[in-house]
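Just the one chain here, the form predicted alone, laid out as C-alpha coordinates.
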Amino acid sequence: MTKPKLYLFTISHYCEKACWGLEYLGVDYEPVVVMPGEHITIAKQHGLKRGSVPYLVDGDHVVQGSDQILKWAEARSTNGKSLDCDNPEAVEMEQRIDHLVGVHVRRHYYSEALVEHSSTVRPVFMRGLSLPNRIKLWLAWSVIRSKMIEGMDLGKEQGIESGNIVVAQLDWLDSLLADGRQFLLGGAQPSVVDFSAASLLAPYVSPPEHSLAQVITLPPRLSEQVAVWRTRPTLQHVLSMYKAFR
(Lines give C-alpha, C1' and ligand atoms only; values in the text may rest on other atoms or scores of the structure.)
Protein backbone atom coordinates (compact mmCIF):
# COMPACT_ATOMS: atom_id res chain seq x y z
CA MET A 1 0.00 0.00 0.00
CA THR A 2 1.12 3.55 -0.68
CA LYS A 3 2.30 5.40 2.41
CA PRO A 4 0.55 8.65 3.34
CA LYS A 5 2.68 11.67 2.44
CA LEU A 6 3.48 14.28 5.06
CA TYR A 7 4.34 17.67 3.53
CA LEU A 8 6.62 19.69 5.76
CA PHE A 9 9.34 22.27 6.34
CA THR A 10 12.36 20.76 8.07
CA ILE A 11 12.65 23.81 10.32
CA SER A 12 9.03 23.79 11.50
CA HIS A 13 8.40 22.74 15.10
CA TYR A 14 4.78 21.96 14.20
CA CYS A 15 6.09 19.53 11.56
CA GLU A 16 8.38 18.03 14.20
CA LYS A 17 5.31 17.46 16.37
CA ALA A 18 3.51 15.68 13.53
CA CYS A 19 6.53 13.50 12.64
CA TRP A 20 7.20 12.54 16.25
CA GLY A 21 3.55 11.72 16.94
CA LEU A 22 3.20 9.58 13.81
CA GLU A 23 6.35 7.64 14.69
CA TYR A 24 5.36 7.19 18.34
CA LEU A 25 1.95 5.85 17.30
CA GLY A 26 3.55 3.51 14.78
CA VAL A 27 1.97 5.02 11.67
CA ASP A 28 4.29 4.82 8.67
CA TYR A 29 4.50 7.82 6.36
CA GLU A 30 6.60 9.39 3.62
CA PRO A 31 8.05 12.81 4.51
CA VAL A 32 8.00 15.31 1.64
CA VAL A 33 10.12 18.39 2.29
CA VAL A 34 8.82 21.40 0.37
CA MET A 35 10.17 24.90 -0.15
CA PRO A 36 8.30 28.03 0.92
CA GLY A 37 5.82 29.03 -1.75
CA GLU A 38 5.63 25.56 -3.23
CA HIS A 39 3.78 24.37 -0.12
CA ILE A 40 0.89 26.71 -0.96
CA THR A 41 0.62 25.45 -4.53
CA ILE A 42 0.61 21.81 -3.42
CA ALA A 43 -1.97 22.53 -0.72
CA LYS A 44 -4.31 24.11 -3.29
CA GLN A 45 -3.86 21.09 -5.55
CA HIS A 46 -5.22 18.96 -2.73
CA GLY A 47 -8.18 21.26 -2.11
CA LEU A 48 -6.88 23.04 0.98
CA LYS A 49 -7.73 26.70 1.51
CA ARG A 50 -4.64 27.32 3.64
CA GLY A 51 -1.12 26.40 2.65
CA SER A 52 0.33 25.98 6.13
CA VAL A 53 2.34 22.86 6.82
CA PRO A 54 2.19 20.17 7.98
CA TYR A 55 -0.50 18.49 5.96
CA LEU A 56 -0.85 14.80 5.28
CA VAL A 57 -2.24 13.24 2.11
CA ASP A 58 -3.53 9.67 2.32
CA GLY A 59 -5.07 8.83 -1.05
CA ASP A 60 -8.03 11.17 -1.44
CA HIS A 61 -8.00 12.10 2.24
CA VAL A 62 -6.15 15.23 3.39
CA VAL A 63 -5.46 16.18 7.01
CA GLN A 64 -3.98 19.58 7.88
CA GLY A 65 -2.38 20.73 11.11
CA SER A 66 -0.28 18.81 13.62
CA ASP A 67 -3.20 18.45 16.04
CA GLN A 68 -5.48 16.89 13.43
CA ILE A 69 -2.69 14.71 12.06
CA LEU A 70 -2.04 13.22 15.50
CA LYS A 71 -5.76 12.63 16.03
CA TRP A 72 -5.90 10.91 12.62
CA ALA A 73 -2.83 8.81 13.48
CA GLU A 74 -4.14 7.76 16.89
CA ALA A 75 -7.26 6.32 15.23
CA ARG A 76 -4.98 4.19 13.01
CA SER A 77 -2.40 3.19 15.61
CA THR A 78 -1.93 -0.55 16.03
CA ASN A 79 0.94 -0.55 18.53
CA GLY A 80 -1.24 -0.06 21.61
CA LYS A 81 -0.04 3.49 22.26
CA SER A 82 -2.29 6.51 22.76
CA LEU A 83 -1.81 10.25 23.10
CA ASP A 84 -5.28 10.97 24.57
CA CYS A 85 -6.22 12.97 21.48
CA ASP A 86 -9.93 12.55 22.28
CA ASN A 87 -9.58 13.70 25.89
CA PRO A 88 -11.26 17.15 26.09
CA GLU A 89 -8.82 18.39 28.77
CA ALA A 90 -5.84 17.26 26.70
CA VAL A 91 -7.24 18.90 23.56
CA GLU A 92 -7.84 22.19 25.40
CA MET A 93 -4.28 22.19 26.73
CA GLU A 94 -2.88 21.20 23.34
CA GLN A 95 -4.68 24.09 21.67
CA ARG A 96 -3.33 26.55 24.23
CA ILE A 97 0.20 25.27 23.63
CA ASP A 98 -0.21 25.30 19.84
CA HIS A 99 -1.66 28.80 19.67
CA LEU A 100 0.43 30.52 22.32
CA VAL A 101 3.65 28.57 22.81
CA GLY A 102 4.06 27.42 19.21
CA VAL A 103 3.19 30.70 17.54
CA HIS A 104 5.28 32.83 19.88
CA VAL A 105 8.34 30.57 20.05
CA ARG A 106 8.41 30.85 16.26
CA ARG A 107 7.97 34.64 16.29
CA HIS A 108 10.48 35.04 19.13
CA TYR A 109 13.12 33.09 17.19
CA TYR A 110 12.48 34.53 13.73
CA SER A 111 12.27 38.12 14.98
CA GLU A 112 15.97 37.99 15.69
CA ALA A 113 17.24 35.09 13.55
CA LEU A 114 15.47 35.92 10.28
CA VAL A 115 15.61 39.70 10.61
CA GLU A 116 19.24 40.01 11.75
CA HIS A 117 20.93 36.64 11.02
CA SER A 118 19.07 35.15 8.08
CA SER A 119 22.16 33.33 6.81
CA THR A 120 21.72 30.94 9.76
CA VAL A 121 18.09 30.22 8.83
CA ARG A 122 18.41 29.53 5.10
CA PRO A 123 20.46 26.29 5.43
CA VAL A 124 17.83 24.78 7.72
CA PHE A 125 15.09 25.41 5.16
CA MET A 126 17.30 23.77 2.53
CA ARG A 127 17.74 20.47 4.39
CA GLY A 128 15.92 17.65 2.63
CA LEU A 129 15.11 19.63 -0.51
CA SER A 130 15.99 18.34 -3.95
CA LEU A 131 18.99 19.99 -5.63
CA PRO A 132 16.77 22.02 -8.02
CA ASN A 133 14.70 23.28 -5.10
CA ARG A 134 17.80 24.13 -3.07
CA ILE A 135 18.95 26.28 -5.97
CA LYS A 136 15.50 27.88 -6.27
CA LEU A 137 15.41 28.65 -2.57
CA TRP A 138 18.91 30.14 -2.65
CA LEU A 139 17.98 32.44 -5.54
CA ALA A 140 14.62 33.43 -4.07
CA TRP A 141 15.78 33.78 -0.47
CA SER A 142 15.59 37.57 -0.24
CA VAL A 143 11.97 37.51 -1.46
CA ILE A 144 11.04 34.59 0.81
CA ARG A 145 12.68 36.32 3.79
CA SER A 146 10.80 39.58 3.14
CA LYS A 147 7.46 37.78 2.86
CA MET A 148 8.09 35.86 6.07
CA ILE A 149 9.03 39.03 7.97
CA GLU A 150 5.86 40.74 6.78
CA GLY A 151 3.59 37.72 7.15
CA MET A 152 4.65 36.88 10.71
CA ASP A 153 5.02 40.52 11.82
CA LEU A 154 8.66 40.17 12.86
CA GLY A 155 10.96 42.71 14.47
CA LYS A 156 12.81 43.50 17.68
CA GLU A 157 9.76 44.78 19.59
CA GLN A 158 7.65 41.90 18.29
CA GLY A 159 10.29 39.46 19.46
CA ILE A 160 10.21 40.96 22.96
CA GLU A 161 6.42 40.75 23.00
CA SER A 162 6.46 37.09 21.95
CA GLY A 163 9.20 36.28 24.45
CA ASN A 164 7.04 37.67 27.25
CA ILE A 165 4.09 35.55 26.09
CA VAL A 166 6.30 32.47 26.09
CA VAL A 167 7.45 33.23 29.64
CA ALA A 168 3.81 33.40 30.80
CA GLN A 169 3.14 30.00 29.25
CA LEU A 170 6.28 28.54 30.82
CA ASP A 171 4.98 29.79 34.17
CA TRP A 172 1.72 27.91 33.53
CA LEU A 173 3.45 24.70 32.46
CA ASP A 174 5.89 24.91 35.38
CA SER A 175 2.91 25.16 37.73
CA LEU A 176 1.51 21.91 36.36
CA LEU A 177 4.78 20.11 37.05
CA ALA A 178 5.10 21.63 40.54
CA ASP A 179 3.13 18.78 42.18
CA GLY A 180 5.75 16.26 41.05
CA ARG A 181 3.80 14.75 38.17
CA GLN A 182 5.86 13.06 35.44
CA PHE A 183 3.63 14.16 32.57
CA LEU A 184 1.73 17.40 31.99
CA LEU A 185 -1.73 15.85 31.92
CA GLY A 186 -0.99 13.99 35.14
CA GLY A 187 -1.34 10.42 33.88
CA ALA A 188 1.11 7.54 33.80
CA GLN A 189 1.93 7.94 30.10
CA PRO A 190 2.77 10.94 27.90
CA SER A 191 -0.10 12.58 26.08
CA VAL A 192 -0.52 14.95 23.18
CA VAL A 193 0.07 17.72 25.73
CA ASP A 194 3.62 16.52 26.40
CA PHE A 195 4.35 15.97 22.73
CA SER A 196 3.07 19.44 21.88
CA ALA A 197 5.05 21.21 24.60
CA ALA A 198 8.22 19.25 23.88
CA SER A 199 8.09 19.70 20.10
CA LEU A 200 7.22 23.38 20.15
CA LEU A 201 9.72 24.33 22.85
CA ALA A 202 12.54 22.13 21.55
CA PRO A 203 14.17 24.90 19.46
CA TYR A 204 15.11 26.65 22.71
CA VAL A 205 17.05 23.73 24.21
CA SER A 206 18.14 21.64 21.18
CA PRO A 207 17.67 18.13 22.63
CA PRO A 208 20.43 15.83 21.31
CA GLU A 209 17.77 13.46 19.94
CA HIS A 210 16.27 16.22 17.76
CA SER A 211 17.24 15.98 14.08
CA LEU A 212 18.17 19.68 14.02
CA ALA A 213 20.09 19.77 17.30
CA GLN A 214 23.37 20.48 15.56
CA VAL A 215 21.86 22.59 12.78
CA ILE A 216 19.77 25.38 14.31
CA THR A 217 21.84 28.23 15.74
CA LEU A 218 20.07 30.51 18.18
CA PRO A 219 20.87 34.20 17.61
CA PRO A 220 22.84 35.99 20.36
CA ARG A 221 20.10 37.73 22.39
CA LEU A 222 17.81 34.72 22.29
CA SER A 223 20.66 32.41 23.25
CA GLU A 224 21.33 34.52 26.37
CA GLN A 225 17.66 34.40 27.35
CA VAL A 226 17.38 30.66 26.87
CA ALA A 227 20.50 30.04 28.95
CA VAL A 228 18.64 31.58 31.89
CA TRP A 229 15.45 29.58 31.18
CA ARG A 230 17.10 26.21 30.61
CA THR A 231 16.79 25.05 34.24
CA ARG A 232 13.05 25.73 34.31
CA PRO A 233 11.00 22.55 35.01
CA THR A 234 9.21 22.72 31.66
CA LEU A 235 12.38 22.95 29.59
CA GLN A 236 13.88 20.13 31.63
CA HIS A 237 10.69 18.19 30.84
CA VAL A 238 11.29 18.86 27.15
CA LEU A 239 14.75 17.34 27.41
CA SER A 240 13.48 14.30 29.33
CA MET A 241 10.67 13.72 26.79
CA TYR A 242 13.17 13.65 23.95
CA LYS A 243 15.53 11.38 25.84
CA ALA A 244 12.81 8.88 26.70
CA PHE A 245 10.59 8.91 23.64
CA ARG A 246 12.33 10.37 20.54
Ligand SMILES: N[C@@H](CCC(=O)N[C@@H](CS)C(=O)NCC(=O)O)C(=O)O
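Just so it is clear, the model here is predicted, and its values are computed rather than measured. Residue numbers here begin at 1 and follow the sequence given.
One more form of this protein, predicted in complex with this ligand, exists but is not displayed; see below.
In the predicted bound form, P54 approaches this ligand with a heavy atom inside 4.5 Å.
Contact annotation: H39 falls within 4.5 Å of this ligand in the predicted bound form, judged by heavy atom distances. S12 belongs to the set of residues with a heavy atom inside 4.5 Å of this ligand in the predicted bound form. Although the partner is absent here, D98 lies within 4.5 Å of this ligand in the predicted bound form, judged by heavy atoms. Among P207, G65, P190, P219, the residue placing a heavy atom within 4.5 Å of this ligand in the predicted bound form is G65.
The partner is not drawn, yet in the predicted bound form one stretch among 113-121, 138-146, 164-172, 98-106 has residues with heavy atoms inside 4.5 Å of this ligand: 98-106.
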